[in-house]
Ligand SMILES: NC(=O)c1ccc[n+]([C@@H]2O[C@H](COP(=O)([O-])OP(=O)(O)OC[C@H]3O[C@@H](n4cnc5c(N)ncnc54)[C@H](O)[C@@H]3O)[C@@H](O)[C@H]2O)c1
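Have a look below at one chain only, the form predicted on its own, in structure tokens format.
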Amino acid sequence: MERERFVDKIALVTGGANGLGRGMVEQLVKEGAQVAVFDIEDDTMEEAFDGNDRVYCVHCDVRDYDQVQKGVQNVIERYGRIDVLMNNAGIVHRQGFLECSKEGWLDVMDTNLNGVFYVGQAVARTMVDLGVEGCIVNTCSNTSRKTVAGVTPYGPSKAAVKMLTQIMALELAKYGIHVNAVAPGTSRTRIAAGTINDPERSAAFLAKMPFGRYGEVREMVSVALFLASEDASFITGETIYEEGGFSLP
């Protein structure tokens, strides 16, 4: 039987058109939520959610402060409040330290860190103003603690998200708002396709994995939605690593 932890809840998922974000949207809907989706891939959003009256698609680039303010206001005008934020949008540039361009560095930081701050702050302000004791779940990464070469801006951006999560949790607790982070490892998503589809790279990566496999989207979604639910009612400021033990060796 499907659990129904989010009946009558209004959720916002950033980066919800594909990958882990799409999995979050689909599971939130299954568990009773009305879900707003922020993404810049309009065609992908339409393909994924067209005709689903429980999903509201909003074109929003989380790197753009003004777009975020407008997008959040659109969700409030439609639903009246936001109970759950899955602050998930993120990108990776595969550049080594010496080769990393200014543009690549700034693009990752703008999306992975500034976007989490912009959306998190905008949504938290509505929660405080409306008296909503909500939940915010930021998507972090195991690269916030495990050093990985070749993706120079990514690890620092996610380490900053981990600390931002703790700051948000500490300052928002007095309003009854929980803030946590989920830190996945490499899952079967588009962002990992370059490794998964390259036999040599894939074999080298899996050799470092204690379970010898990639994570599945549903596994990450399960952890993220746990943190967004009443099941985690006395947890805040934590980062849960969903990575199959990758950081252990």
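All residue numbers are counted from 1 along the displayed sequence. Here the structure is a predicted model, which is why all the values come from computation and not from measurement.
The same protein also has a form predicted together with the ligand, omitted here; what follows describes it.
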Requested in this report: Examine A48 and determine whether its closest non-hydrogen atom to the ligand in the predicted complex is within 4.5 angstroms.
Outcome: no
Report task. Using a 4.5 Å heavy atom cut-off, state whether T189 contacts the ligand in the predicted complex. Result -> yes
Requested in this report: Using the partner position in the predicted complex, report whether M127 sits within 4.5 Å of the ligand, counting heavy atoms only.
Outcome: no
Requested in this report: Evaluate T165 for contact with the ligand in the predicted complex, applying a 4.5 angstroms cut-off between non-hydrogen atoms, and reply yes or no.
Outcome: no
Report task. Work out which of the listed stretches, 95-103, 70-78, 132-140, 167-175, brings a heavy atom within 4.5 angstroms of the ligand in the predicted complex. Result -> 132-140
Report task. Please state whether all three residues F38, T111 and P184 have a non-hydrogen atom within 4.5 angstroms of the ligand in the predicted complex. Result -> yes
Query raised in the report: Listed by sequence position, which residues of 40-72 have a non-hydrogen atom within 4.5 angstroms of the ligand in the predicted complex?
Result: I40, E41, C60, D61, V62, R63
